[in-house]
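The chain below stands alone and is given as structure tokens, in the form predicted on its own.
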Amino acid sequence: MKHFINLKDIPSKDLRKIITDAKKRKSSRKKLNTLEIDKGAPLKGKILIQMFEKPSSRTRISFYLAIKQLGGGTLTLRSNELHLGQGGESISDTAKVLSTYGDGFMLRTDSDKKIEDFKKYLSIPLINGLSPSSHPTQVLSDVFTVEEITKKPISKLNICWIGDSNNVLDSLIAASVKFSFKLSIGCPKNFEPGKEVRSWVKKNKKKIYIYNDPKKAASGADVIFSDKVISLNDKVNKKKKIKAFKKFKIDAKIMSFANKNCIFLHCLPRGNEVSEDIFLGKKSHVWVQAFNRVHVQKSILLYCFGKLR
């Protein structure tokens, strides 16, 4: 049994195996309809229980399709539907019940501690569908997408992030260490990555490049990533934050500092951090990026269930 909680804790060779498997699985489904099952139905009879404490579109749908295409099933819950939410049941008791009924548990939460507590008491694999400090399934899928579109290993590319320092960026920083790619980050001074993640990079004898000028961050980039500056549960002065990021909007001018064939990716949902012409333009691959989550999450599930080929 293996958990999938944070990219920092997963060996690089295992992450590469997941991506390699996902490539094969995507290729083998070219002639199959959405709910047709993969050859061999590797997760036949298995059920994935999903619980969402935060809104979700792509994570919810992609995991539903992932387990279905592998021959298994899924049950989706909201925390306020359980005793955990309103009846005072402990996480340890809930974890034991989930372990009895399910074969795997995917949690999207606003609490890193809750992830750790469930990990402690579950006897089935735990997948982090998003937490305050990490969004590992999103970023591993993004690595897959970058390599698919550029047809190059990500280690050979210059990756750029322009935007807020959030859970997606923390996972992208972890990926830069695991896959050995150059990562340049463009953000205002007061919104730089935290000390903990920067210390982890240094401890692993790697380096990230942080700029308070988006043009410098974008210089020579092969890929530019972004995310919504104001997230759903952002507990900050939103007017001040929007003002701080005014010069960091990704538009044609900023893209002009990147390499000629630079692509744009965004994990969605979007806000005002990117111009319409870039988001919907030829350099943007956001819809493929979103769809690829199905394929990568299938391989993550197989990894967690000990069936990765």
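Fair warning: this is a prediction, and the values are worked out from it, not measured in the lab. For every residue, the number given is its place in the sequence shown, counted from 1.
Same protein, other form: the form predicted in complex with a small molecule, not shown, and the subject of what follows.
Want to guess which of 93-101, 72-80, 164-172, 150-158 is within 4.5 Å of the small molecule in the predicted complex, heavy atoms only? After filtering at 4.5 Å, what remains is 164-172.
Find out whether any non-hydrogen atom of Ala41 is located within 4.5 angstroms of the small molecule in the predicted complex, and reply yes or no. No, no contact at 4.5 Å.
In the predicted complex, Asn212 touching the small molecule (heavy atom, 4.5 Å): Answer no; every heavy atom of Asn212 is more than 4.5 Å from the small molecule in the predicted complex.
Taking the small molecule as it sits in the predicted complex, is Leu268 in contact with it (heavy atom to heavy atom, 4.5 Å or less)? Result yes; Leu268 sits at the interface with the small molecule in the predicted complex.
Answer yes if any heavy atom of Leu140 is within 4.5 Å of a heavy atom of the small molecule in the predicted complex; otherwise answer no. Close contact is absent here: in the predicted complex, Leu140 is far from the small molecule, nothing within 4.5 Å, heavy atoms only.
Tell me, out of Ser180, Asn204, Ser231, Ser111, which residue has a non-hydrogen atom within 4.5 angstroms of the small molecule in the predicted complex. Only one listed residue qualifies here, and that residue is Ser231.
Considering non-hydrogen atoms and a 4.5 Å limit, which listed residue (Leu130, Val146, Ala218, Leu126) is close to the small molecule in the predicted complex? Selected option: Leu130.
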